[in-house]
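Have a look below at one chain only, the form predicted alone, in structure tokens format.
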């Protein structure tokens, strides 16, 4: 007798599972190499090999280092968005910004290599000829929109003064987060000082977002 027929949908699910697994392994390999060697010395061949696949798979999958780095920032960005969505659910205004700030600090503590790789790529993207600059710019705009929305919802809900300029405060918040991360990248062993900077950011947001 022949092999029993597979149920409809089994093969696509198996393929999706294999793709998800290979993506996860490629991501971890790329993060490790970026953190240890920097983006210039990271190669597609080594990413594929470190992930446990053929040396040509990363090149086939991503096409170029720019494609690989776009994949890395998108993947880590999605991790952050999932966590941010979870911690800010049902929150607006200062409460949402406080939850987001605390989550960002935890992300640095709990997944430091992912954060380090993400921001190494973030800062390098401003250079000429970057293939993933538009990806980073899109993530930055999304962050600012989210913060503006939390502030505007706080204003609409009567928790924040209507005199507050949501766009200006959102820009300041996002710039502060990037600045704190830069300090952490330069001084990774000074987590107590970094935690203090996050705490100061929360206090600053309370001052900039007063009640009516």
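None of these values were measured; they are calculated from a predicted model. What we label the rigid core is the largest C-alpha set whose atoms superpose within 1.5 Å from one form to the other. Positions refer to the first chain, counted from 1.
Omitted here: the form predicted together with the DNA. The next part is about that form.
This chain appears without its partner; in the model of the complex, the one residue of 166, 33, 44, 177 with a heavy atom within 4.5 Å of the DNA is 44. The stretch among 183-191, 167-175, 35-43, 151-159 whose residues place heavy atoms within 4.5 Å of the DNA in the model of the complex is 35-43. Contact between residue 22 and the DNA in the model of the complex is found at the 4.5 Å heavy atom cutoff.
Within 4.5 Å of some heavy atom of the DNA in the model of the complex lies at least one heavy atom of residue 18. In the model of the complex, residue 144 stays away from the DNA, with no heavy atom inside 4.5 Å. Under a 4.5 angstroms non-hydrogen atom cutoff, the DNA in the model of the complex has residue 14 among its neighbouring residues. Taking the DNA as it sits in the model of the complex, the stretch 44-71 comes within 4.5 angstroms of it through a non-hydrogen atom at 44, 45, 53, 54, 55, 56, 57, 60, 61, 63, 64, 65. Relative to the superposed core, residue 22 undergoes a Cα shift of 2 Å or more between the shown form and the other one.
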